[in-house]
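One chain comes next, on its own, written as structure tokens: the form predicted on its own.
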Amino acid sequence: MGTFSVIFQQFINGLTIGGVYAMVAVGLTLVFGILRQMNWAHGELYMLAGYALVITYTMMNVPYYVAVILTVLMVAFVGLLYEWLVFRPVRGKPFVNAIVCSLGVSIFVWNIVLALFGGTPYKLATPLTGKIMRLGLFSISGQRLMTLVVGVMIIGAVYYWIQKTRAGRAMRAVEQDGEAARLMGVNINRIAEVTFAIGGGLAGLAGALVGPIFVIEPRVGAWAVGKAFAVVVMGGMGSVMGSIFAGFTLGVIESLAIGFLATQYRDLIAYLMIIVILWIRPQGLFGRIAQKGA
């Protein structure tokens, strides 16, 4: 395989994993940008999606594509529970309260899953496992192709919904000035519920699509939230477009590092890139400079 073919192949692989990063990071940045709350337990939504797929698809023998839909709905509901039970009580309180509460939720969920399922990784085989699509210079597995296509479609749909619908405009109004939006009749609690449900659904979809590609085990939540925070910081805190762009960029850079160096250099190259970007633009690629006194 020539150098150009390797670059193209790794670029396609990078887009696949980048789409997963973007799906998880968009949910995280929505919660921060609109509600100004930091959710360290967001990675556990991704992890729970994997185990929801294990239960529905493996243990209950639900068809895979139906199991994916059920997983998204279940994890979106868990996102709602986050809002109702954890984040609503601390909304308007000091910033650190949400951080501490979400860290507690993360540890609690992690240990519950560990107690119920143990630490042994699950490897799922779906109807797409083993199917390889060859398209000219590159090939891609059926599962990765579905992850890429569905991920791009859903991310595009969510972005369109935020920009063009009445509910999306209400969310952006809360992001710009929550108190003014409330005085104009925007229901802040409803916006919070929608935001957490969308974030949970996106994390659930990412976990259900990429879980069969890798393995499902309790520690993947920490991996997911680590990548998501890196993407959110690189793209600009609270910027949906920034998270989308940064997610795909990080995925491609990591994939190229694996293709031309070695797997162990993947994170090194990626985080060096983030350091350079933040050195040049401290607010992130699409972030806005904080106003003095804001």
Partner chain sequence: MRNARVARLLPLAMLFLVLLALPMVVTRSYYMHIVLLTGYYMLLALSVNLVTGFTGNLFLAAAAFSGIGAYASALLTMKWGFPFWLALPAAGFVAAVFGFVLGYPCLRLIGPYFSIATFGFGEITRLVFVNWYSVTNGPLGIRGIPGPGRIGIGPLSASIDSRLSYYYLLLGIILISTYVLYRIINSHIGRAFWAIRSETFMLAQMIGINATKIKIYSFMVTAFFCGMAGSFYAHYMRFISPDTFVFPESAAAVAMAVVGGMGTITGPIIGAILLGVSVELLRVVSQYRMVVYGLVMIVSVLFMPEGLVGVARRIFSQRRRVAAAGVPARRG
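Positions refer to the first chain, counted from 1. This is a predicted model, so every value here is computed, not measured. Definition used throughout: the rigid core is the maximal C-alpha set that superposes within 1.5 Å between two forms.
What comes next is about the form predicted together with its partner chain, which is not displayed.
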**OP:** Would you please decide whether Gly226 lies within 4.5 angstroms of its partner chain in the predicted bound form, comparing each non-hydrogen atom pair?
**Re:** yes
Original post:
With the partner left out of view, is Asn61 within 4.5 angstroms of its partner chain in the predicted bound form by any non-hydrogen atom?
Top reply: no
**OP:** Mark Asn111 yes when one of its heavy atoms lies within 4.5 Å of a heavy atom of its partner chain in the predicted bound form, and no otherwise.
**Re:** yes
Original post:
With the cut-off set at 4.5 Å between non-hydrogen atoms, does Pro127 touch its partner chain in the predicted bound form?
Top reply: no
Subject >> Answer option from Leu183, Met153, Val100, Leu135, heavy atom within 4.5 Å of its partner chain in the predicted bound form >> reply: Val100
Subject >> One residue of Ala67, Met38, Leu250, Leu48 in contact with its partner chain, assessed in the predicted bound form (non-hydrogen atom, 4.5 angstroms) >> reply: Met38
Original post:
All three of Leu73, Lys131 and Leu256 touching its partner chain in the predicted bound form at 4.5 Å, heavy atom to heavy atom?
Top reply: no
**OP:** Could you tell me which of 158-166, 208-216, 87-95, 185-193 sits within 4.5 Å of its partner chain in the predicted bound form, going by non-hydrogen atoms?
**Re:** 87-95
**OP:** Select from 270-286 the residues with a non-hydrogen atom within 4.5 Å of its partner chain in the predicted bound form and write them out in sequence order.
**Re:** Tyr271, Leu272, Ile274, Ile275, Leu278, Trp279, Ile280, Pro282
Original post:
For Ile12, is the CA shift between this form and the one not shown at least 2 Å following rigid-core superposition?
Top reply: no
Original post:
Honestly, after the rigid core fit, is Val252 moving at least 2 Å at Cα between this form and the one not shown?
Top reply: no
**OP:** Examine Ile269 after superposing the rigid core and state whether its CA is displaced by 2 Å or more between this form and the one not shown.
**Re:** yes
